[in-house]
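Quick heads-up: it's one chain on its own, the form predicted on its own, in structure tokens.
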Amino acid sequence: MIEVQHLSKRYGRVTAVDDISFKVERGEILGFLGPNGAGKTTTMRVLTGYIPATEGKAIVAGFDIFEQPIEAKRRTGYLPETPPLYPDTSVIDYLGFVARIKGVPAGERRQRIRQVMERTRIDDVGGRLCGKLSKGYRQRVGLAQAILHNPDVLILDEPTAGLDPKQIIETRQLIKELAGSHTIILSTHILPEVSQTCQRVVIINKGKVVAVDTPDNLTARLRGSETMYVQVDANGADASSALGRVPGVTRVAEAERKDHCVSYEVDSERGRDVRRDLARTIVNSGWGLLELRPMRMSLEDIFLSLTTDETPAPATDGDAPAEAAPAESAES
């Protein structure tokens, strides 16, 4: 549904986006992550036709954004970082204007506006001027205009910025509901939002894509091994030696000790499930098994590892070059 091929954007001698490539499948929610200045917003602006690329190709909903821009834009909904509202216009009049310029048939406009106002929880402020709305309401009106014409593709730049916790939960749920019938690229600095909302993640750093994968797969790649958290009541005995002799275990490190209970981090060969053998060893030794669970890298750990390392991990699926370029970027 979205295909980016060797896309670059330069501002004079400054390279904001440097030869990036990735795909988004139909109905998928893709999280787009990167530090400030990494090139996220620039990429989104290119995909929506807001600015031209210097080099490369982008296909949105089957149309080349550079050769068939009008057709691509008709099938795209865009929520920029700052919602494009007219402060002296009421919410309902603004949505009516958006419906007209986006080609919603006249006979369907009233019903469509009512539906998107209900879905984005703004039906209680329809008569208020956009300029008098709180930041949270402005953000939701921006989301309403993005989905008003029922586009195939949604590109959302920080869609939950300024929302309170309840509104964030509601917006996340709405985005999940939109998946399937819409293909979504979601840019955010709220890392838990990606793990709770997105099926795959693109991480961009210094204008280059440094990883494309699911959060779980990124965790496994960066650890290079499987790690289990094991808590044992060994009544004072040293359980680490016994755990270290389990086939496939490569490292046992004590994590915490309290009374008779000791917690260990147990590394194993990648792709090897040692949970049954660990549990059997503990039980057969007459000890108490209090906890046994996989340890995962948080998305924060993954993000920091890939964007602070000078030689970040290569992207998967052949979607992007292996190393980040040293070029400075102009925009986030």
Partner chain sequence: MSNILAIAQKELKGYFAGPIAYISIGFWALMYGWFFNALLQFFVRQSMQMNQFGMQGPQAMNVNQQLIRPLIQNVTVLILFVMPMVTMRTYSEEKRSGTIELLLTSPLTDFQIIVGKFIGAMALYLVMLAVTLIHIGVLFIYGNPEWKPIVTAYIGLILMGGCFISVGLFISSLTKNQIIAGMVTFGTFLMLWVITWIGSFSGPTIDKLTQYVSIIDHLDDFGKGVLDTTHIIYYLSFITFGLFLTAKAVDSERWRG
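Residue numbers count along the first chain shown, from 1. Small disclaimer: the values here were computed from a predicted structure and weren't measured.
The same protein also has a form predicted together with the partner chain, omitted here; what follows describes it.
- For the options Ile59, Ala53, Val274, Leu292, the residue carrying a heavy atom within 4.5 angstroms of the partner chain in the model of the complex is Ala53.
- Of the residues given (Arg119, Lys102, Arg200, His182), Lys102 alone sits with a heavy atom within 4.5 Å of the partner chain in the model of the complex.
- None of 248 to 256, 79 to 87, 226 to 234, 186 to 194 except one has non-hydrogen atoms within 4.5 angstroms of the partner chain in the model of the complex; the exception is 79 to 87.
- Residue contact check for Arg74: one or more of its heavy atoms lie within 4.5 Å of the partner chain in the model of the complex.
- For the chain shown alone, Thr160 is not a contact residue for the partner chain in the model of the complex, no non-hydrogen atom being within 4.5 angstroms.
- Contact check for Gln139: no non-hydrogen atom falls within 4.5 Å of the partner chain in the model of the complex.
- Contact annotation: Thr48 falls within 4.5 Å of the partner chain in the model of the complex, judged by heavy atom distances.
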